[in-house]
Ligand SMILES: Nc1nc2c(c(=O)[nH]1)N[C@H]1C(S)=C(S)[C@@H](COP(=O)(O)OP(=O)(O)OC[C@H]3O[C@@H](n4cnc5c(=O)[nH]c(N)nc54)[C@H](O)[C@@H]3O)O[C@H]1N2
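Quick heads-up: it's one chain on its own, the form predicted alone, in structure tokens.
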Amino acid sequence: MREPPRSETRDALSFCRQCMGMCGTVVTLDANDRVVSVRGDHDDPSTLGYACFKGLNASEGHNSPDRFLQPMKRKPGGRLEPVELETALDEIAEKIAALLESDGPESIAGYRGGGAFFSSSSVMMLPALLRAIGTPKAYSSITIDQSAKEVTAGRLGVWPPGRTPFSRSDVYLLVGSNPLVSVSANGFDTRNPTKRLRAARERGMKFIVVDPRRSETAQQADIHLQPLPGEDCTLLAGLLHIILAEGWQDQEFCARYADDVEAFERAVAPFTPEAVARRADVPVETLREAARLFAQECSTGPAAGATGPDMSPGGNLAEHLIECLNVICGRYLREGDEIEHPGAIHARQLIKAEVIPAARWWEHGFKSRIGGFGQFSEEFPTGTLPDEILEPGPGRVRCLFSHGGNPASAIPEIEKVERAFEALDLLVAIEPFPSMTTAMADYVLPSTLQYERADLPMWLWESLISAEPYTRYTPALARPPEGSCVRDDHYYFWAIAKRLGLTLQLFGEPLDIETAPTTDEILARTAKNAPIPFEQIQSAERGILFDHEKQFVEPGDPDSPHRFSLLPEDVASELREFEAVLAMPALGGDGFDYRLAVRRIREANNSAGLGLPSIKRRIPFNPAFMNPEDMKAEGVAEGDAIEIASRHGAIRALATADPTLRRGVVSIVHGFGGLPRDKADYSDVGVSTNWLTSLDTSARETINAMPWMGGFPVSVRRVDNT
């Protein structure tokens, strides 16, 4: 007879892997090694005790009755039912082998979401499997998020030492981001973001925020610009116009490292403060004040953008203009400057003060079957995936692996996405919880959760995520629920490759095809270039700061001809498109009198976690936020049902007053809703903003096929609550 569980608990140190904060945590476990609670570790040297609601709520996820604890297979009636693990893997491999025989490697594709990127032992396994199969069809949340940053690097060029870091900036200009809630921004210090921002302000750093809402982050700003969503390009061109017209640019840096400065100045000449103020609906004086503070009164801080500009019309141009602010004002590390984060997991390399020229890599190599799009970091734009599935012909995607993501929720034009995923011959989801994607999957392979696996912090972009060369290891602390059959994600890829007779190459070395690697073996291989042996990283309970070997920016080649390309022809063309509408009213005249702004919440990261009871109690559905004056003008009261319509579709939501939101904007949280076929009740799951979006070429960016997910015109009308 089994002994009853004991009541003793114990505490163990670890760190959270639900967002880029990577907060140090204290995990309380019961006698059966199940997670009881989580709290921030006040002695953690990196995050100083901070942990957000998502991280503190981890025990609910670990012990959720909705969690997948067995491999699942879809039966002929459409229902997912448990299946023995090795049987599931056998069947998946057999189906892939048949597709390879009939349709070739390009019929197989893979998608990585946040759950994949936050698992250091597994993040490179799907790309390794796709390479072994011989298919280039890799996709991820990166190319349906902020791929405009890669477009900018490819069109403008790259400065290897990077921007002036947050800790040494006397000003910081942030466009379309709310890191105090999202705990994510390009270069913003997210290690306990509120405390880090407060410390920066106390040492004198000035803070400029561009956001249509007086967000939690914008409330801390010295200057807050509130343009209409979708007018970031207009506003940024206006800032650059003022800076260049006033002569506030870094003349020496521009003369040495920037091409086309005079042509660029002519290109932004039409974006006068008065014209920008009319179009973007911002005060002229505030626009001038922001330009003066950033470029004349301060000298060492950068501009940075996040999802706000990148997901709106002109996202590629917006990111280009943000980086042009940094080039024009010389907001980069220079020769002799210390590099704050030269690498903790990555190998350290010589970093020189010189421009790597615009490579425009999407113009070379593999091209997508639909639209002829190139690759970004060996991935195709995710916005093209539904067409790659639906369009007949050689190379059509017939099998999709979804690893740690919910692409059915992430990709716009939800009806088309549903149609595409249902047309697949094989959809395999590696996922711990039900989602819109698992609802259409043929097989669900259940993964361990964060405290059940050994791990390292997200290392792919470690220098952007952490301001210091700091890393740490956590062992697996918790045991999966009794009777479950879950695996660390990497096992599934290895097991399928073995069945297909394929060898996976990981970090340049093959994995043993006969013996499954342990998680620690993969992590050790991941950290092989770290400054100290992996075993020492493992033994450091609260991590290691590799600050004993300083690294500095090396001199560049004085004869290098390479310079930043400020105004390539496609950028000039995009600027002319915004110039063409500069004199036109941004709102009104066609029935679409508002702009859509999509926002984040503290409780969840995109769609992950929205089904947990504690989150559903706090935010069971996503309301539509409006300025109270706009609600009054539309005859809408608190809690009234409204219809929000775009040129592509419509949704219904309950209106909520938000005085922090500027007029002319409707704001709603993304990630909610269900599949169209389910006709789910709004009060239960909310509504997907992707009903308003489109994958049509008229509603997405060129180069990266990034769909417009906010910043476009919408109409609002009150409807019957029933």
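Every value quoted in this text rests on a predicted model; they were computed, and no experiment measured them. We number the residues from 1 along the sequence you see.
Omitted from view is the form predicted together with the named molecule, to which the following refers.
Looking at the named molecule in the predicted complex, residues 150, 369 and 570 place no heavy atom within 4.5 Å of it. Note on the interface: of 293-301, 344-352, 88-96, 447-455, the segment with non-hydrogen atoms within 4.5 angstroms of the named molecule in the predicted complex is 447-455. Under a 4.5 angstroms non-hydrogen atom cutoff, the named molecule in the predicted complex lacks residue 241 among its neighbouring residues.
Not displayed here, the named molecule is kept clear of residue 319 by more than 4.5 Å at the level of heavy atoms in the predicted complex. Although the partner is absent here, residue 564 lies well away from the named molecule in the predicted complex, with no heavy atom inside 4.5 Å.
Taking the partner from the other structure, the named molecule in the predicted complex has a heavy atom within 4.5 Å of a heavy atom of residue 145.
With the partner removed from view, the residue among 471, 466, 182, 627 that has a non-hydrogen atom within 4.5 Å of the named molecule in the predicted complex turns out to be 182.
Just one of 187, 432, 71, 110 comes within 4.5 Å of the named molecule in the predicted complex, counting any heavy atom, and that one is 432. Looking at 216-239, the residues that come within 4.5 Å of the named molecule in the predicted complex, counting any heavy atom, are 229, 230, 232.
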